[in-house]
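Next up: just one chain, as structure tokens, the form predicted on its own.
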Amino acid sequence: MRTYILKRLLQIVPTVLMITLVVFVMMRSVPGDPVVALLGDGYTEEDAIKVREAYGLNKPILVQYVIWLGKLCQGDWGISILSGRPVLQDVLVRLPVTLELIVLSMGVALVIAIPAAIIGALRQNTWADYTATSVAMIGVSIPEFFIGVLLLLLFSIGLGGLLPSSGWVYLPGTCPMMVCGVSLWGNVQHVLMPAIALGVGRAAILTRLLRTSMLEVIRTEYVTTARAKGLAERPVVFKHALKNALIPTVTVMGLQVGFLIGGAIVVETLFAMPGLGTFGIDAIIGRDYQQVQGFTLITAFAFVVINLIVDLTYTFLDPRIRYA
């Protein structure tokens, strides 16, 4: 197991580097100039030359990448062209927001999906099953931003501002800067609607998949044998059926966590949250190459690590799975 984990960790380095190289080249190939975004329309050519020299934009693309990579190895993620702040500092401030949103969104998805899938599988072709599958179909069909808008109309406008419509308050101990607003209750109020908006779609997908897996597992011989021995229904469902049905579901969960990063861009923009989603979209619009590379780096690393965690989770769900 240790050898397998070490090999997978070593694979992270070339994978992330290849992704950052592709994005580095593509970002500089699309139309647009960060110098224009920084100086405005009334800039002079002399000012533009000075800015390009200051940020190394006058060098060939591959030379710029090698310079960026060398600084990255020293812990320097570069300086933002638009804000003038270190990119790593901005990432560390925004990372807790997106991490909390993703974790809570997946929590919302599991809280909805697991009971709905179990009920739908155990009561197949009943009104409970039809209700669960119908709601799941609706959840898959509705995009996150539309759910977010409905939540805003209900809780921020219809109920007299019960929940805030925008902004963010950090959890105690999660903000690396002293200027952050910190409050447990304030954080709950700000994260509740975004987490629901982002989690409902994931819940629908997981419900359909887990229900199908449960239907296959509860018809297997070992489940029938467990029931024939007089084992109570709860251990049969949760210990034998659900545990084995989760194996294919965990794979999709890993992919969904990765896709949550993309969904977070929409939800964070809708609720004006200072997370990595808004950080990335602002960097792309402003052609801030350093911020785009920082966003790409953290996103690529997250995808690779999540896939590793998913592979390791298989060994806990099925003892027969071993990695050499």
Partner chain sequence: MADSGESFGMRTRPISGGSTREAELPGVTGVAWPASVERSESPLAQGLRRFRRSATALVGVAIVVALILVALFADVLAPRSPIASDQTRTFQRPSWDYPLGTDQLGRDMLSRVIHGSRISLAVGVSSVLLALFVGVPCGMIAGFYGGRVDTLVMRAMDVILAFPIYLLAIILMVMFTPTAGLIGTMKVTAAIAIVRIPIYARLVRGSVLSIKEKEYIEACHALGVRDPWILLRHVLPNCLAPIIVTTTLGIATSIIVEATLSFLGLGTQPPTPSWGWDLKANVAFIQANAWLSLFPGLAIFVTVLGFNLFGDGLRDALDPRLK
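All figures in this text were calculated on a predicted structure; none of them were measured in a lab. Numbering follows the first chain given and starts at 1.
One more form of this protein should be noted, the form predicted in complex with its partner chain, which is absent from this view; the next part is about it.
Checked against its partner chain in the predicted bound form, the residues 146, 238, 127, 222 give one hit for a heavy atom within 4.5 Å, which is 146. A heavy atom within 4.5 Å of its partner chain in the predicted bound form is found for exactly one of 92, 150, 182, 110: 150.
Although the partner is absent here, residue 157 lies within 4.5 Å of its partner chain in the predicted bound form, judged by heavy atoms. By the criterion of a heavy atom within 4.5 Å, residue 30 is counted among the residues contacting its partner chain in the predicted bound form. Contact check for residue 290: no non-hydrogen atom falls within 4.5 Å of its partner chain in the predicted bound form.
The shortest heavy atom separation between residue 192 and its partner chain in the predicted bound form exceeds 4.5 Å. Heavy atoms of no residue among 169, 188 and 196 are located within 4.5 Å of its partner chain in the predicted bound form.
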